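Form predicted on its own, single chain, as structure tokens, below.
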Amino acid sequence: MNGLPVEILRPGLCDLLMDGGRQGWGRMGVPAGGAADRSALAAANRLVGNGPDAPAIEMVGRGPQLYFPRGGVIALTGAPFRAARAAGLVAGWNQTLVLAAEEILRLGEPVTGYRCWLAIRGGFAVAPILGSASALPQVGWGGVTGRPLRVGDRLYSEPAGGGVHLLRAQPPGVDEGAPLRVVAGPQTGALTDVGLASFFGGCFRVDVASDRRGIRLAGPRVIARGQVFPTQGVVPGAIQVPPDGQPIILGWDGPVTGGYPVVATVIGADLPRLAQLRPGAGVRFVTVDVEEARALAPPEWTVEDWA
């Protein structure tokens, strides 16, 4: 390999290689997957001179320790994790970082939020499957055979030419306590009056059993009428209500079809917030109409010169 190596000295809670995902394969039963917040991925890549969807490491809950034998140019975006470089230097967030040869980057737990992304100049060299390098653990695709990174894994960046341009990014402001905005789903009518009041008036907590396939919520029981629905297409952000009455927000690696009633769907502008919901976080919902949802564009990052 002609790129720069990165060695895993200690894995985090779940470190996966992710890019922009496998778009357009839903008809074959393949979820799009990819980074849980594509805007944060794009910002990290821009800070190191990559295209927006280049493969990066998505970290959740606790980060790894990474060894850079020949150094590297990296960027960290998303939730700020506790992070240290050589000789106690703090690893800055949302900016271009130039690491010296034999430097170790130590990432701990997030200060706020839950997920972050590490991009390296050139992007990580991973053979694509169906046009994407993203790990899909349930089938062993992408990344390192689809699995989280382990001790001893060695990744390589793709070769990158040209000089280093130092940049700094400003993430969009987010009100973490605000309710998630949703549009009513096709089976909202399947809920009883009590179920509607529970869903739209209740406060839920993110269950520890949540993962990239679905964010499971615990809280007031959402009562449905017991109707049987045919299998239908579903998307990330769709909120299903299974028989136990505890809603599930479908995630990035979730199924592309489902038979539980879909009572609402998180709007596109709020999808990046799903990536930062940690276990125990509170979740509330508020409805908006389709026209408003379409008019609300996802928050944008700003990137500027830093030198």
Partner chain sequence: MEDPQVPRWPLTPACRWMGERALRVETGVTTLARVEQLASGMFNEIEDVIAADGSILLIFKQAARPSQPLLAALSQPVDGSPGRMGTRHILSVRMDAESGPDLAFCATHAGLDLSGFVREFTRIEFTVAFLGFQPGFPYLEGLPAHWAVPRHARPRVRVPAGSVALGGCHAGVYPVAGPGGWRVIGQTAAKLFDPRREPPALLVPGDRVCFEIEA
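Residue numbers count along the first chain shown, from 1. Keep in mind that this is a model prediction, so the values were computed, not measured.
In what follows, reference is made to the form predicted in complex with its partner chain, a form of this protein that is not presented.
Taking the partner from elsewhere, Leu149 is found to have every heavy atom lying beyond 4.5 Å of its partner chain in the predicted complex. In the predicted complex, Pro220 stays away from its partner chain, with no heavy atom inside 4.5 Å. Under a 4.5 angstroms non-hydrogen atom cutoff, its partner chain in the predicted complex has Gln187 among its neighbouring residues. Mapping the unseen interface onto this chain, Gln276 falls outside it, with no heavy atom inside 4.5 Å of its partner chain in the predicted complex. With the partner left out here, its partner chain still marks one of 235 to 243, 58 to 66, 276 to 284, 41 to 49 in the predicted complex; by a 4.5 Å heavy atom cut-off that stretch is 235 to 243. Between its partner chain and the residues Ile129, Val206, Ala83, Leu167, the one pair within 4.5 Å by heavy atoms in the predicted complex involves Ile129.
Note on contacts: among Thr112, Gln227, Thr231, Thr145, the single residue with a heavy atom within 4.5 Å of its partner chain in the predicted complex is Thr231. Contact annotation for 291 to 305: residues with any non-hydrogen atom within 4.5 angstroms of its partner chain in the predicted complex are Glu291, Ala293, Arg294, Pro298, listed in sequence order.
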